[in-house]
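One chain comes next, on its own, written as structure tokens: the form predicted alone.
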């Protein structure tokens, strides 16, 4: 796979997971304010962005599985890190939502 194509995929993953991260962070003040429906909506929206990032990642893995050489570089490592930390952040945010609901 050409380096330019790999970078394009990496930036797609970073962009989509970055959008998801923003939506997750927007859910926190809503949860604190007791606006649970709105908070959950932000988290659901974030999942749509994560699906886009995951789709780009899956395409790359399919290319690799089909024998295409994929040379890893720093930007792809960063993209993978960004995606994984955002997915974990969303899982924690969902748990926080349930905890806030119990308090409220």
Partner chain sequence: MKKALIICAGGMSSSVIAKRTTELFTEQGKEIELDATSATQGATTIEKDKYDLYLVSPQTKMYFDNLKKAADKVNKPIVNIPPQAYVPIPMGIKKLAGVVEENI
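Treat the numbers as computed from the prediction; the structure is a model and nothing was measured. Residue numbers count along the first chain shown, from 1.
A second form of this protein, the form predicted in complex with the partner chain, is not displayed here; the remarks below concern that form.
In the predicted complex, residue 32 stays away from the partner chain, with no heavy atom inside 4.5 Å. The closest non-hydrogen atom of residue 65 lies beyond 4.5 Å of the partner chain in the predicted complex. The closest non-hydrogen atom of residue 4 lies within 4.5 Å of the partner chain in the predicted complex. Proximity of residue 51 to the partner chain in the predicted complex: non-hydrogen atoms within 4.5 Å are absent; the residue sits far from the partner.
Residues 4, 7, 8, 11, 14, 15, 18, 19, 21, 22 of 2-22 are found to place at least one heavy atom within 4.5 Å of the partner chain in the predicted complex.
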